[in-house]
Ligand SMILES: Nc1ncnc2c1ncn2[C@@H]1O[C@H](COP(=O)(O)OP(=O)(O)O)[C@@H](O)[C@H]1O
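A single chain, nothing else alongside it, follows as structure tokens in the form predicted on its own.
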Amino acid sequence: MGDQVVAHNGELGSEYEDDDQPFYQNVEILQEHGINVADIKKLKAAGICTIKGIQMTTRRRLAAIKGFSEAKVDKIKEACAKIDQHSFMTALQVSDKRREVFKITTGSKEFDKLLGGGMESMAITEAFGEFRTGKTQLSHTLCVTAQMPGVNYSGGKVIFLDTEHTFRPDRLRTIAERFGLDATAVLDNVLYARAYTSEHQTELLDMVAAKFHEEGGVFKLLVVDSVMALFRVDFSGRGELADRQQRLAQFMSRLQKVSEEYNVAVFITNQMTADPGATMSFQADPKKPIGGNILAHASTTRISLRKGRGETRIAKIYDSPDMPESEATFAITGGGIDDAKD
């Protein structure tokens, strides 16, 4: 079973190619609409590699690219409007599009059931909890399970953005062994980057988009562990809160767009803080995830993790567009996230 880990060569599989059009359109098409090669290169350098990517970028941000005048930005936007005229889709077309969504197993059947089958692509799943509740263990397990073929899913590579220096490649080895996979191949399929500031974290996201584009359809999962740590450090005190939330909103918006643009699952971890207002409202749990409404609205599904007995942990759906609020018990083992033994 060792060679079951995918060694893609950047080929687009059948699940990315529609009968009439591929999953995404390359910015190179703009050449046919009078945009010169130098400008296309500048777009790519800014991490904008697809027509959808341009549509997802504001004119203001495009105008900030060196050498781009407002007239040039208008010309590029007009060309994109001609290329992609499908602004509206019927609910049936949306339903067909949703078929391209895949789920990545967490390693625990109970946890998967809670999530409706696993971590979903084209969405951001956020897990938050106190120290040692399994957030980083879950992100390490997903790095391995994302590479395993599943139902209507071929498996693929992973990018891991680390903000707190919590990534341990040796953990991946033991998790790979549990699933009977070749550890060297598993490690080779995970691209790792360490972010040092919130600005660097945002810049890395542009590089991630370029990587997803370069190896079309090969990457299936992007992990950010943890999403808020650097924003907390770089913007301290109430005076900088508005600025922090604005930067965070831009980062989360880009994250959401990348997940939709390239059909990847995004998994982010988050920390908790004591809620000073909770004592007034008699909440059972006075702690809440940090990041405020910006993070709450940007994450598609939010899971809260807490400790159970021994190595068991309890996951609860905190917020989800289609999953009911319920709980699941799982265990942290040497081989990663697993079902809790009775």
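In this text, residue numbers run from 1 along the sequence as written. Every value quoted in this text rests on a predicted model; they were computed, and no experiment measured them.
Keep in mind that the form predicted together with the ligand is missing from the display, and what follows is about it.
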Looking in the model of the complex, is the ligand within 4.5 Å of a heavy atom from each of 25, 55 and 254? no
Contact test in the model of the complex: residue 134 vs the ligand, heavy atoms, 4.5 Å: yes
Find out whether any non-hydrogen atom of residue 39 is located within 4.5 angstroms of the ligand in the model of the complex, and reply yes or no. no
How about residue 130: is it within 4.5 Å of the ligand in the model of the complex, going by heavy atoms? yes
May I ask you to check whether residue 329 falls inside a 4.5 Å heavy atom distance of the ligand in the model of the complex? no
Based on heavy atom distances of at most 4.5 Å to the ligand in the model of the complex, which listed stretch, 62 to 70, 294 to 302, 40 to 48, 307 to 315, is the contact stretch? 307 to 315
Sole residue of 200, 75, 178, 171 within 4.5 Å of the ligand in the model of the complex, by heavy atom: 171
